[in-house]
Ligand code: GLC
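The chain below stands alone and is given in structure tokens; this is the form predicted on its own.
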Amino acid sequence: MKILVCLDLDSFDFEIFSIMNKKLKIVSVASEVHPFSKSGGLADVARSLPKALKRLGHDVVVITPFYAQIINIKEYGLKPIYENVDLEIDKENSVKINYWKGYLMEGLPIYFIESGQYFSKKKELYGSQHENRRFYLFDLAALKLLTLLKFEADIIHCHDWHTGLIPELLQKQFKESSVLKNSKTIFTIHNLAFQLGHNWWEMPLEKKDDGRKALPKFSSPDIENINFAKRAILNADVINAVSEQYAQEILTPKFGQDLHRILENNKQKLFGIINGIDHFEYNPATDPGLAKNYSIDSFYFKKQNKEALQKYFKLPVKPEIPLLAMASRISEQKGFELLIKILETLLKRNLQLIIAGDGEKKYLNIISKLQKKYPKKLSLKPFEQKGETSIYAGSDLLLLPSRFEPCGLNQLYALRYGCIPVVHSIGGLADTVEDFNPKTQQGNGFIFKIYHEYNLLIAVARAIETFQYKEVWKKIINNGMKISSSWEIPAKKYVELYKKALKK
């Protein structure tokens, strides 16, 4: 059978048709990219999303700083491509920089911006007194690199505040660039609490950046007052948050971090896309870091990982006792204010709790004291990246009582490894964890909606009570492990978002 398709060529928009079907040239810019540099989930996203986009057939490059004290040139086979480049920042200031090249995967190059003065002196990624100056330089150098490479980007994807000046610089300093004149920008908000190189709420009112004045001279101390996130929201073609719920939350005074009004004024270009995880890297069936590999069909091997985890944290090996875990920054945002209030009450129950992390001393001191009082039930150790998946593989429950959580990756890792999350219903946690319903047997975790310690306590109590019913518990685990949280679907959504930017 033949199908005849008639097109009204007079009304057909060939430009939009071309955009919707073209192979895109995409630049991903981020301050950290795993495995080269990492302080948190941003590095995982900045690594996995470009790889997923490349697998979809797009032409992708990644740009990130060269942290000389952290990145091993020989280990990653990095090669210099441009040396002693004179980067003119403004009429009075210029800096010499170098560019290096490596690969995230075959066919996916990653470029590093080297500045001995700004990115080579510390072993920590962040914490400089001149943080704004560092990333102003980085943003400008990233655009300069694209002109040197003659990479005519369709989309420049800017991740979090560190890259927030790129949309403005593209419109001003690079508006006459033959290479970048058609490039569009998307700004992804990973955590709106971070807007510039120091805490936005500590900024005196008279020094707050309105986002519209010309950028100060690079040598001026006023550069440290520039709000990168605000300027990105004003100048980017498209804005997105890392979950649909968080995209709505940041429009409110409660979660908008003092930018809710400006976001409300720009909400027509604000979208939400939940993060994914790399299913190739995070796979309990092949993960080399586990005591014993397993899958949804051989889940009984998880008990060997639980035994290994209990031994590592120096807790009694008891397979029948529920083992709870927290693996995050120990901070108020992550819900430790609630946890501390109920911690001793929890420890009087028949359970074990491991905490892997570092952070605020006031919480660490209380946890350390309780660890001495309950040495067979509570164990605290610093977080180790190499051992992260062993926590999900060995634990029965993961606590994520965050006050706010833009997306969260831990709950996705936990579900992948058959570890059941207990979460505050907020941001990406609300988008990815469904409260278990014993009547319908639906759900993959345990949720509390009101941010209060008693609600957290009730959620944990529900979880450890349900743990006693082994067949029900297996059902919850199956519900979680069957969910696909890979980057394939989010990457396709990002492609659609890129096309929205190109049609503007």
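Nothing here was measured: the structure is a model prediction, and the numbers come from that model. Residues carry their position along the shown sequence, with the first being 1.
The same protein also has a form predicted together with the named molecule, omitted here; what follows describes it.
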- Note on the structure: Answer key, the named molecule contact in the model of the complex at 4.5 Å (heavy atoms) among His190, Arg416, Arg231, His424: the residue is His190
- in the model of the complex, the residue from Leu170, Ala153, Cys407, Ile420 with a non-hydrogen atom within 4.5 Å of the named molecule is Cys407
- Among 447-455, 475-483, 39-47, 431-439, which stretch sits within 4.5 Å of the named molecule in the model of the complex, heavy atoms only? 39-47
- Message: Check for me: heavy atom within 4.5 Å of the named molecule in the model of the complex, for each of Gln304, Ile354 and Ser379, yes or no.
- Response: no
- May I ask you to check whether Asn350 falls inside a 4.5 Å heavy atom distance of the named molecule in the model of the complex? no
- Looking at the partner-bound form in the model of the complex, is Ser368 within 4.5 Å of the named molecule by any heavy atom? no
- Task: State yes or no: in the model of the complex, is some non-hydrogen atom of Ser183 no more than 4.5 angstroms from a non-hydrogen atom of the named molecule?
- Result: no
- Report whether the minimum heavy atom distance between Ile166 and the named molecule in the model of the complex is within 4.5 Å. no
- Task: Go through 290-324 residue by residue and record those having a heavy atom within 4.5 Å of the named molecule in the model of the complex; state none if no residue qualifies.
- Result: none
